[in-house]
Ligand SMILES: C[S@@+](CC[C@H](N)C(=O)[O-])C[C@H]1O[C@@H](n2cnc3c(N)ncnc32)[C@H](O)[C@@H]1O
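Coming up is one lone chain in structure tokens, specifically the form predicted alone.
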């Protein structure tokens, strides 16, 4: 069980701001005293002190259910993770030879569309029928298939490029999925992965979703990993690292101040209560990790 408290989250942001400032040498006396004073103010603010938190049950909602809710607006402007991830992934894709490409966990087809525009023959695979419906509307002439990442509906050595964007955080173990990517890739092929950064999961925790079977709000199981975990899974399969990037939240990324009332639904959009601490804690911190691997031409067994 997880208890999600607006006040608890804001106090956590204040703490991260202090720790980061001390670590980076940017927390002068005025900054530290301002954080302590703001913590006292937050504790004494009735709207926060008496705000009820939400108790949520981990693992009682499936990825498919979450993506059913996300599908209509997943690609809408303002998805900060996509805004930061997409330019990096597309810069890598733009430099790859044109051939046959797999967009694994293609979602609504945003990277599929880019690959298609570059001239690749593209196959899109996703486990969410709702996301695939959106992808097919966008790209009616592309081959989309409903399937799980652990059982890709392709023969061995079928593609030159695999892209898997912002999906592996939903996979309990990396090795079986990367093994599937190695299987369908031709020797010398390219694998481009983006994923939520481990640090981002601490600074902006998972939100509860709609009630589960017992009527209690649910937390989706997510798996945030250190960078070493990707290497541990990829290198034994014959993948060679071409690049690894950790795109960061830009300075000034925080949304304008919200109205004073607390949100009536689960939300971490509370930064207007402590904008200086939020900026110090969150800005210029890694949001995603983007890997570019190439499969060894001799292919490990």
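Owing to the predicted nature of the structure, the values given are computational and were not obtained by experimental measurement. Positions refer to the first chain, counted from 1.
Beyond what is shown, the protein has a form predicted together with the named molecule; the following relates to that form.
Colleague: For the chain shown here without its partner, which stretch in 181-189, 94-102, 222-230, 146-154 has non-hydrogen atoms within 4.5 angstroms of the named molecule in the predicted bound form?
Modeller: Among the candidates, contact is made by 146-154.
Colleague: State the residue from 41, 240, 55, 63 whose non-hydrogen atoms include one within 4.5 Å of the named molecule in the predicted bound form.
Modeller: Contact residue from the list: 63.
Colleague: Using a 4.5 Å heavy atom cut-off, which residue among 174, 166, 139, 84 comes into contact with the named molecule in the predicted bound form?
Modeller: By the 4.5 Å heavy-atom cutoff, the listed residue in contact is 166.
Colleague: Determine whether any heavy atom of residue 111 comes within 4.5 Å of a heavy atom of the named molecule in the predicted bound form, and answer yes or no.
Modeller: Judged by the heavy-atom cut-off of 4.5 Å, residue 111 is in contact with the named molecule in the predicted bound form.
Colleague: Should residue 124 be classed as touching the named molecule in the predicted bound form when contacts are defined as heavy atoms within 4.5 Å?
Modeller: Residue 124: no, not in contact with the named molecule in the predicted bound form.
Colleague: Can residue 273 be called a contact residue for the named molecule in the predicted bound form at 4.5 Å between heavy atoms?
Modeller: Taking the distances in the predicted bound form, the answer for residue 273 is no, it never comes within 4.5 Å of the named molecule.
Colleague: Given that the named molecule is not shown alongside this chain, does residue 218 nevertheless sit within 4.5 Å of it in the predicted bound form, heavy atom to heavy atom?
Modeller: No, residue 218 sits far enough from the named molecule in the predicted bound form that none of its heavy atoms falls within 4.5 Å.
Colleague: Give, in sequence order, every residue of 24-43 that has a heavy atom within 4.5 Å of the named molecule in the predicted bound form, or say none if there are no such residues.
Modeller: Contacting residues: none.
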